[in-house]
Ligand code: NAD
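Take a look at this one chain, the form predicted alone, written out in structure tokens.
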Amino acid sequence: MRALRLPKWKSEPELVEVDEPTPGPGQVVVKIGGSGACHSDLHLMHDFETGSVPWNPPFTLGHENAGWVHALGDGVTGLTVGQPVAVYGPWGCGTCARCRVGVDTYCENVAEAPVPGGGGGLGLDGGMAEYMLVPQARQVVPLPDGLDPVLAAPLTDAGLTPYHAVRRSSAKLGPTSTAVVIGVGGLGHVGVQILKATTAARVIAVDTREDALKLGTECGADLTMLSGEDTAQEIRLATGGRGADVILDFVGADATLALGAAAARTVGDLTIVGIGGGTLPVGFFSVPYEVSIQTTYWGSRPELIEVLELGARGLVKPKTSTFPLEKAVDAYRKMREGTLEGRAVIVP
């Protein structure tokens, strides 16, 4: 079969022929219907090197995957051949306290995981191929009725990641609250939709690009702001001087972190989702009192089930552009150039 593989660190991916996978005991082979191209893949190609993570190339790219059950290994129950499914991306040990409740992202026994701190497309072969081997059947999640695998694929990361960030702040997102989404890109525009679908908070979308703000409006943002020197003050003016109860930074650069800290309300949340490499000095007087600052990574398997349900009901729908497998490299090029519309989904 054909597969888009990363041959080594600091290299471009290559479309090559590889053997079709065969499931062993407890494993599942998924026929891929769609595999999302994520901005983090660009970091794999251009920024990582030996020692950056506890695994190395070569491997097939694609950690946002959905399709149909193709083959089942011995002992697998609860799934049938031909059944539409999504693949939960982070693969933990399955037995530690975190994994037992479906939070494989924070597995505490990574030495026993299929790949330490990774998953399909992150150290092991992912879904940018015709078929994908999932080493643990529990990571295969049935799709709700009516949800196309092409739409489901980006929901496994571009939907799950902002959903987790929103859910952990749900107590601060009531009808009198304001949430700010910084960066209305591949994850941020889905974050706006999730806020509108699951909370009563007013949503402000912030970006440096007019077209991104237009997308934010289309996704339901109540107010949009072009990012600049006065944005924090504008957010405070729009909130009666209080600041935003929850700020979700989908960029994570120095400037956006500083904006988040300046615009946060006391006892608010500033959640860093983007991996832009920025830092934020934190001291007693540097942020409003009792502001909680945290990073997040992906989300849990139970949360993925909820995200897929939102997708099936049409409440969350990532803006996507589809590419055939042979054009996957073009998708990454457009992503790198900033000309990609929405989330790229590779369709083998």
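A residue's number is simply how far along the shown sequence it sits, counting from 1. Everything numeric in this text was worked out from a predicted model, so none of it was measured.
Same protein, other form: the form predicted together with the named molecule, not shown, and the subject of what follows.
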- Quick one: from Thr256, Ser169, Gln193, Thr178, grab the residue that has a heavy atom within 4.5 Å of the named molecule in the predicted complex. Thr256
- Message: By the heavy atom within 4.5 Å rule, which residue out of Thr199, Thr208, Thr224, Asn109 makes contact with the named molecule in the predicted complex?
- Response: Thr208
- Message: Is it the case that Gln139, even though its partner is missing from this view, gets within 4.5 Å of the named molecule in the predicted complex, heavy atoms only?
- Response: no
- Trp298 within 4.5 Å of the named molecule in the predicted complex, heavy atoms: yes
- Though only this chain appears here, would Cys219 touch the named molecule in the predicted complex if you measure heavy atom gaps against 4.5 Å? no
- Task: Look up in the predicted complex whether Gly120 has a non-hydrogen atom within 4.5 angstroms of the named molecule, and give yes or no.
- Result: no
- Query: Based on heavy atom distances of at most 4.5 Å to the named molecule in the predicted complex, which listed stretch, 182-190, 232-240, 125-133, 260-268, is the contact stretch?
  - Reply: 182-190
- Sequence-ordered residues of 22-49 touching the named molecule in the predicted complex, heavy atom within 4.5 Å: Cys38, His39, Ser40, His43
